[in-house]
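Only one chain is included here, represented as structure tokens and corresponding to the form predicted on its own.
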């Protein structure tokens, strides 16, 4: 178990985070400059916070009140920085062996066991500059694991890699963490990467922890407006609760009412309370006329595609509603994301007017300041 509580103010930036990490992958997710790397460096002993404490497996690594601040080499921490920090003058074997102590035959056995795990035994004699980016990343992982760390810190280790290599190494990192059972703190600003790797996801913004929890819960139920933006919610509206009943909540958004189910809303909301209404673009369905009866329980609206953005594997459609609108002051009301094959199958380049179904379970409400 790793316990982290750090506070630091520097040049107008305030870092104030509190985290508990068990034998899992906890992903620190947020934009650049949020304080993610600073947190990792504090755990590694490369940065001393002004206040707080860091405890790893019952050992106090840092305690500002007690005056404890163990040096990096005494912390038993495996750290992979963004640039890998491999020694260019050493071979793959010697990079992994760096920091190991013991009889030569024992060190050799340990190093080759790790090189086998990361698939680099045959490249043991090469220098880092003779390796691809993905191979260098594997060396950095093996070196971090060689010292048998009690916690593994990974600082955006895959950001510079091509997509196929990144996907391959995501699987390797997850498999190695499962095999070694090491508490792992992984930093990224890539949402897809965070969702794949995280056992728990911690959303960080401007030095503050906004939310932590299971990845899908954080994705679909952001606790704050800032978290909703960071988690890629495209449809966010100002709304006001108009009715609370056993069947759900009615929320006035622009000129329309939307139904939200209680399971998707915070407890304690009352009529008149202002809320942020969040609907993920990928959870809005386009309904064929013959299937309208199957969507009777959903929020149904009619709209026309006014423009779209093609991202190759998916497209984002911008719908302007017919009749009462959700956003009367904008040129569109809803953003809807559809996979490329759906775009082709429904012939969306030709058929531009559609009934949209918004499941009440997909309508997430965040109380605004002063509500609840």
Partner chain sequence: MDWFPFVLSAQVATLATGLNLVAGVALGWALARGRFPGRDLLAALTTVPLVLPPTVLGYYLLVALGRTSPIGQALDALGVPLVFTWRGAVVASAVASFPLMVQSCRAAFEGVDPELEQVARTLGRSELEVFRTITLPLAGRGILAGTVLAFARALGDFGATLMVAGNIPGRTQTLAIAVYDTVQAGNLGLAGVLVAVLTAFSILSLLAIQRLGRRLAA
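Being a predicted model, the structure only gives us computed values, none of them experimental. Numbering follows the first chain given and starts at 1.
Heads up, the form predicted in complex with the partner chain isn't pictured, but that's what we're talking about next.
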**Message:** Looking at 50-58, 328-336, 65-73, 314-322, which stretch has residues with any non-hydrogen atom within 4.5 Å of the partner chain in the predicted complex?
**Reply:** 65-73
**Message:** Although the partner isn't part of this model, could you tell me whether residue 46 comes within 4.5 Å of the partner chain in the predicted complex, counting any heavy atom of the residue?
**Reply:** yes
**Prompt:** Looking at the partner-bound form in the predicted complex, is residue 98 within 4.5 Å of the partner chain by any heavy atom?
**Reply:** yes
**Request:** Please run the contact check for residue 87 against the partner chain in the predicted complex: heavy atoms, 4.5 angstroms, yes or no?
**Result:** yes
**Prompt:** Is residue 147 a contact residue for the partner chain in the predicted complex, using a 4.5 Å heavy atom cut-off?
**Reply:** yes
**Complete:** Exactly one of 207, 81, 215, 128 comes within 4.5 Å of the partner chain in the predicted complex through a heavy atom, and that residue is 81
**Message:** Which residue, 198, 77, 185, 203, is the contact with the partner chain in the predicted complex, using a 4.5 Å heavy atom cutoff?
**Reply:** 77
